[in-house]
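First, one chain by itself in structure tokens, the form predicted on its own.
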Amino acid sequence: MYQHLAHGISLYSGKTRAYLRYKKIPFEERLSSEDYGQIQAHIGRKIIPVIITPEGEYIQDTTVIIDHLEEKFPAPSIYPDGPMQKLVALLMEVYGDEWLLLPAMHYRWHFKRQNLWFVLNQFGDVMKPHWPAFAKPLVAIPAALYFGRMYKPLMGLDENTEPELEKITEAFLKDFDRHLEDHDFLLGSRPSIGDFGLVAPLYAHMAQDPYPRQWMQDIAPRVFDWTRRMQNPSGNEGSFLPNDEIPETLYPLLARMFRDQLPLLVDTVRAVADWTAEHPDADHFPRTIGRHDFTLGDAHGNRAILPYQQWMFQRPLRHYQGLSEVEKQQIDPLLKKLGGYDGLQTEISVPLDYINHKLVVAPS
């Protein structure tokens, strides 16, 4: 049996938990102060989720965890065989993991009056699970103050960008809700890696915290139901749509990703190359490597550059750039129509890898 060191309020725990349940992988979920000590000892920092394999190996990072388990539990695969469907699934994973993190943090921490008591209780349960219920919120206050303050400068959210983020998020939820009227998941009746990327922010924060939960139920009830199905999958494996089909109801989601997130990803590639040239002796990347300007709807902001986002972007980029010319000729017209073609021509001069729980320049 696998050990899943995770918690219900943890954003990325929702991704790995949904995957483990869908693949029917036997696991036990737990989290305690003792577990955090072991995580620190094996990973180098206190972070969840972490998987402990039956052989005792500690694996961290949701994408690394899922790909490790896909090798051991290959059926049913969450990666479509069709080149276009696989590209869309990989792009949606990046969008969920790295872009929807913005509204997830905003809707948890900006609406403190509605959410704070719930969050403090949940944080207290993580930090001191054996304490009496009345005391748990108290121990969680320092952690809540940290998370409630750090995300805005990290993500470039302020009085100018927050209203635009709310508009964009509402439009995304309504577009996704419309898609789910015709399809169970992104690409048919089987969840793909894209679904697991999206469920991380949409479940743990937005479908659980009091304010965004009610808002989601009001404007996108199918999305809310989808978050519940992703966490409690049926016994039916499902299937991807035939003939590598991309439903037109996904076009607005892809266009939104290309417009809002893709420019940041491309600029991150540039920044990683520059930082590497300036720090030739660095053995790994820090979490941030400076700041860059970005556009959010009609607003302009400035946010941290996160090199990890290049590592995630490399996945769809390598898939697309490794396709045959015939396959690209079938895919490129849609990419041009939706605004993603130019970004997917990006060359990675400094490829990254995730080795020993650190982000490093990929070995030659």
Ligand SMILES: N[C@@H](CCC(=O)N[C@@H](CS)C(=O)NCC(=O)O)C(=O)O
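Start at 1 and count along the sequence shown; that's the residue number. Model, not experiment: these values are computed from the prediction.
Unshown form predicted in complex with this ligand; subsequent notes refer to it.
In short, of 319-327, 66-74, 47-55, 296-304 it is 47-55 that has heavy atoms within 4.5 Å of this ligand in the predicted bound form. Interface residue among Arg113, Arg149, Arg287, His130, judged by heavy atoms within 4.5 Å of this ligand in the predicted bound form: Arg287. Residue-level contacts in the predicted bound form: of Leu20, Leu344, Leu11, Leu352, one residue has a heavy atom within 4.5 Å of this ligand, and it is Leu11. Shown alone here, Phe27 lies farther than 4.5 Å from this ligand in the predicted bound form, counting heavy atoms only. Within this chain, Gln309 is remote from the site of this ligand in the predicted bound form, having no heavy atom within 4.5 Å. Contact annotation for Asp97: at least one heavy atom lies within 4.5 Å of this ligand in the predicted bound form. At a distance threshold of 4.5 angstroms between non-hydrogen atoms, Thr62 is in contact with this ligand in the predicted bound form.
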